[in-house]
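This document starts with one chain, in the form predicted alone, laid out as structure tokens.
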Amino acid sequence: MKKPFYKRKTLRVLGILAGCFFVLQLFRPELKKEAVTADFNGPENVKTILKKACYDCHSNETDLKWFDQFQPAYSIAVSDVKEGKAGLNFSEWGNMAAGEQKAKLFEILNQMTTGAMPLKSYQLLHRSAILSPDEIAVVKNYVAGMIKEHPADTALLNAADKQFKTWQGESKPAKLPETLTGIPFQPDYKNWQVVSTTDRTDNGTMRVIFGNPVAMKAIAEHRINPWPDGAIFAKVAWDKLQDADGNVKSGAFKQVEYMIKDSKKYKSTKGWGWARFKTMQLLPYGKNIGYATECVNCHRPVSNNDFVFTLPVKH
């Protein structure tokens, strides 16, 4: 007996879908196996938490589950691992300087406490990666133990004095430096208005955030989420010099960072151009153009605030 038309059509559609599924499995992007050369060396209880929540995408010890092996989940997993390791690889942790490790730990804690990491999409199937409040507290206590508030030592005071004397006699460079992504240093930030200030306890720096006229106009008109194209922020960092009474002042200049809003030009980096120039030599940050991904990942916890941490000071 011949089957009804609708049943034959349904079987045909199911057959086509099954064929597409099997053909899709033939596409297997490479997930390179790399050695663990300098693994994270923090306390074992902290490492256990990082392993369960972070290592699949941020180490050379990726452990794909059986359901990750099928397409399109496999391609998504490979892409997440590549992007994750570009920003942070626990298997190469020991290759970073001590200060960089500390900064990364503060960034990790920030990502955890805001719920930005592990990714919600990852948690849907990898339920074991979900962090409990107690586990986040373990990481928080570990990071908090690194904060040392104390009066500035002689080295920091001398560095500030030496830099100031040198700066007075410095001539302007013939050509302004620019990042690997083509963003030039913008000296005019010194004439912009102050948006806010911040204090980084992890690396002992104090910062002032300046906004260009477009940014300041947006603040006045309450149009800051999203920020309009043309808005630029400059965040300037100095050593924090604290005396025995707890009074604080700025020390040696460390760096200036920029966020430049252009939703079309910088579409691939969430609508912002990212730049950092370090030391008095204004050395552009980043070994390759992938540095911008690192910036985006750091700001991901405030994606609902157009990737901007700074909120304008209310007068």
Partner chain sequence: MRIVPQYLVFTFLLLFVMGCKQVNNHAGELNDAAGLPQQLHFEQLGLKVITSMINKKAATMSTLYGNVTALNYAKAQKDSPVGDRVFALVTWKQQNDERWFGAKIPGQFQSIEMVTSKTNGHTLYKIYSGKGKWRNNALTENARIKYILAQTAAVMP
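Positions refer to the first chain, counted from 1. Predicted model only: the values in this text are computed from it and were never measured.
Same protein, other form: the form predicted in complex with the partner chain, not shown, and the subject of what follows.
Contact with the partner chain in the predicted complex, defined as any heavy atom within 4.5 Å, is confined among 284-292, 43-51, 244-252, 58-66 to 244-252. For the options 76, 137, 155, 194, the one in contact with the partner chain in the predicted complex, meaning a heavy atom within 4.5 Å, is 194. The shortest heavy atom separation between residue 210 and the partner chain in the predicted complex is within 4.5 Å. Contact annotation: residue 127 falls within 4.5 Å of the partner chain in the predicted complex, judged by heavy atom distances. Contact annotation: residue 175 falls outside 4.5 Å of the partner chain in the predicted complex, judged by heavy atom distances. In the predicted complex, the partner chain sits beyond 4.5 Å of every heavy atom of residue 31. Across the proposed site, 115, 216 and 225 without exception bring a heavy atom within 4.5 Å of the partner chain in the predicted complex. Of all the residues from 176-203, those having a non-hydrogen atom no more than 4.5 Å from the partner chain in the predicted complex are 185, 189, 190, 191, 193, 194, 196, 197, 198, 199, 200, 201, 202.
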